[in-house]
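What follows is one chain in structure tokens, specifically the form predicted on its own.
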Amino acid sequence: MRWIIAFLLLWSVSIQAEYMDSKSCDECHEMIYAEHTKSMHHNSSLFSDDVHRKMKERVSKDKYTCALCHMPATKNLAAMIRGMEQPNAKDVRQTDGVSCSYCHQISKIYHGKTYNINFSSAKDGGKPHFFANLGDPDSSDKHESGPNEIYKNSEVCMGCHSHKENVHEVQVCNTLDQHEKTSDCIGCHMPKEAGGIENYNKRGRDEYATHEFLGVHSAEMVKKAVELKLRQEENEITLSIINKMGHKIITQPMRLKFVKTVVSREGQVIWSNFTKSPIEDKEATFIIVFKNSEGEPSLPGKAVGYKLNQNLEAMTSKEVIYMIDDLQKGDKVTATWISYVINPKVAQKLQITDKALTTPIDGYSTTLLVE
């Protein structure tokens, strides 16, 4: 840990040059900036993310180790991590979250056991040098531009989105696949749209990568993540759950994802795979619950292990079999994938009331008529 803090102290010095906040990018990249303002990157700061703020307060009142990824452009990163200084709502480097200029100045990634670290190209004096995955990038009076391989192969995402261990060496999140490699993060979460990357489109580009960073907050993305199939043989219904993502179904422990399967007859539900809570059907529920030293549920930052770890690896599938004795010809079996940005129990514990976070998002759905 000491060498990490030492590195952060040196890194903080390197970003003392004049800071370009994300709003300044709006002048030339109006469409991209508008998308970015809707993203979790833009709103990653504890001053914008109520869930993150409340989680931080419960884990540590003083130290702010999450700043490494949630407000990485700040000048006093090492001091906040060590608890010597506190977040400041008047500092644009902190309120800016994961800003445009921060992301586009990542030069390489250090891969560590506990978590990864981004190396920045920011230097004192002169125009900043921004990286991207463009064959013929433009420079301007605001910045120089150039290509970097890590923006092509999605490694740039791994500085923050790879893995994270808490102080007890318990892994609290992981987006790597089972081979400990990244998949096409950028291609999936930043799909191409028609248009140029800048207002004037000097290069005549006909498409650009969206910067809303679509994920579980997007109903469109939720519908693409998992495919469901149903099969019937007499009174046996087989549900196949297929993870189409390049990472595990659950990568962030706040989530809750499950399949709700019901059988209806003449418009009335006559059977369901659970009555009150999806965890009643553990095999069709995907959830991570941590535990403390007493074996009770714990927040990730203080966990010593897992109380429940129901997951599914990247690009794999599983089958769940239901025996339903009174099936009749013409009965309709419906299976629907449902995602919660925040597990309702966690939301209740943190007193989160934002409906955008607590409302279930329906994903892929399929039906089968009993023969």
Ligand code: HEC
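Owing to the predicted nature of the structure, the values given are computational and were not obtained by experimental measurement. Sequential numbering from 1, following the sequence displayed.
Although it is not shown, the form predicted together with this ligand is what the next lines describe.
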For the three residues P72, M221 and M245, which mark the spot I'm curious about, does each lie within 4.5 Å of this ligand in the model of the complex through at least one heavy atom?
yes
Answer key: of P297, G112, G215, G83, within 4.5 Å of this ligand in the model of the complex (heavy atoms) is G215
Counting non-hydrogen atoms within 4.5 angstroms of this ligand in the model of the complex, say which of A79, V170, V98, V263 makes the cut.
V98
Option from 230-238, 288-296, 194-202, 264-272 whose residues, in the model of the complex, bring a heavy atom within 4.5 Å of this ligand:
194-202
E313: touches this ligand in the model of the complex, heavy atom cutoff 4.5 angstroms:
no
Could you confirm whether V259 comes within 4.5 Å of this ligand in the model of the complex, counting heavy atoms only?
no
Evaluate Y322 for contact with this ligand in the model of the complex, applying a 4.5 angstroms cut-off between non-hydrogen atoms, and reply yes or no.
no
Is the gap between A284 and this ligand in the model of the complex 4.5 Å or less for some heavy atom pair?
no
Though the partner is not shown here, which residues of 129-147 have a heavy atom within 4.5 Å of this ligand in the model of the complex?
F130, F131, A132, N133, L134, D136, P137, D138, S139, S140, D141, K142, H143, S145, G146, P147
